[in-house]
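Let's start with one chain on its own, the form predicted alone, as structure tokens.
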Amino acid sequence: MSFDEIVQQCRDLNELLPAQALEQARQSRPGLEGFAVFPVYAPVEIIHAAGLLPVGLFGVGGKLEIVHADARFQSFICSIAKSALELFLRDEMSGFRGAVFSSICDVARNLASLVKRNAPQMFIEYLHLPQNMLNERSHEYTRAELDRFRANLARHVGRPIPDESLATSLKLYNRVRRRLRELYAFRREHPGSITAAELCTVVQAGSRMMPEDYAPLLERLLKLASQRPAHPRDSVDVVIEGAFCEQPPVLLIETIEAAGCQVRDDDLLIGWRWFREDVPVNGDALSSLATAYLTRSEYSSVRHDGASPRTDGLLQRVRSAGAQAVIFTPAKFCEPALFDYVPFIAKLDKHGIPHLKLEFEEKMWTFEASRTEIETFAESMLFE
């Protein structure tokens, strides 16, 4: 297949509801069961080692009408929480053993409780990931929380999750994340070679594929990317920030680039490429995962790293990408993103880096107003 054909295959996979994506995976693995992963980060290695397919739960866009979940939530709740709950209320998660949520915000915490109440036949887990990365007990706590998840999941599926299986899964996901880092590096080094919409489409597809299938696909893409002609153009190089949980519609990402910006880096689907380097496999895999989470992972608005402020992380991302500006894309009512917006822009203003904010919601379908804002923003920099 060509580069474009692989991207289209990924796009088609992302258009499916979670149960439909699982059914597609079953064509080559009969009897495979799924386990939903709510953003931002979860130890997918443990889920895979249990013989399950980890599937990213990123909402449903316009594929499902929200008719039940609205009655369980206030009006000022992000749309991904409503559509995720709608899937469970409508029994649209056939073939899934359960789901895992984590401590990213109050909405995720409440959503986990609501799903557990309304899907009693499923195993619903909530991970209390650490917020204090500096305490001397943080590593011990994080490993214990990962071990608790492994033990509970093993009891639910009725089979152990041995260290050997966990190490194998860790190697597979190391391979996947390494190839994703290489794809991102290739885009930075060859502007115009891969669009932001293409790259985020490929990354999201990986949240619906077994890593042993996904890694070869990425390696094929990397080989094809090196043969693909780049099309650099007169545009503003930007970083996208604020899309760590609910994902912007692909059409919005396409609009950003069509309106005069070229995305050099982003935090789209950051939880599925969470670690900056390979997680050591030798020794205790859970201990290695805990260390990586605390010291080798990306900055994010869902973490509070006292030793390395998130504002410094954004500034470093801009500089490493060779970007000129930042486009913030927070989902409507996303408290972590909107809270961080204030210190982020203060940091950017201090260093003279232009920025633009574009809020979105899941079922957004018209982008003319956004296009006008982006064009004005880009032109103000191109022609100043």
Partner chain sequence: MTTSTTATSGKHVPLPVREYRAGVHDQSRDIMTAWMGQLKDATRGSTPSAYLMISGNCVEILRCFDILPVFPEINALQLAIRKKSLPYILKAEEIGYASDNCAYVKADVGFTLSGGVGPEGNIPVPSLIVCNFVGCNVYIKWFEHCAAMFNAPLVMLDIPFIREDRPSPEDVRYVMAQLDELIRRCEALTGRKFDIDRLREICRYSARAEAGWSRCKELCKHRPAPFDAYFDSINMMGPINALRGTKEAADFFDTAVAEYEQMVAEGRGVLPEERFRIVTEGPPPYPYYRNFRNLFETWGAVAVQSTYSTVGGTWEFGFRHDPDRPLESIAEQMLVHNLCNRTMTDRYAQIRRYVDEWHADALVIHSIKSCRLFSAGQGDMREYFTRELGVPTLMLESDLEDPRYYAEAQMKNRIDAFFESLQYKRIRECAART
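Positions refer to the first chain, counted from 1. These numbers come from a predicted model, not from an experiment.
Same protein, other form: the form predicted in complex with its partner chain, not shown, and the subject of what follows.
Distance criterion of 4.5 Å from any heavy atom to its partner chain in the predicted complex singles out R117 from the list H231, R159, K223, R117. Though its partner chain is absent from this view, in the predicted complex it lies within 4.5 Å of a heavy atom of just one residue from N110, T168, T295, S287, which is N110. The partner is not drawn, yet in the predicted complex one stretch among 318-326, 28-36, 340-348, 53-61 has residues with heavy atoms inside 4.5 Å of its partner chain: 340-348. If you check its partner chain in the predicted complex, you find no heavy atom from any of H48, Q204 and L269 within 4.5 Å.
Using a 4.5 angstroms threshold between heavy atoms, Y126 counts as touching its partner chain in the predicted complex.
The closest heavy atom approach of N132 to its partner chain in the predicted complex falls within 4.5 Å. Proximity of S301 to its partner chain in the predicted complex: non-hydrogen atoms within 4.5 Å are present. Taking non-hydrogen atoms only, R181 never approaches its partner chain to within 4.5 angstroms in the predicted complex. Contact annotation for 158-188: no residue has a non-hydrogen atom within 4.5 angstroms of its partner chain in the predicted complex.
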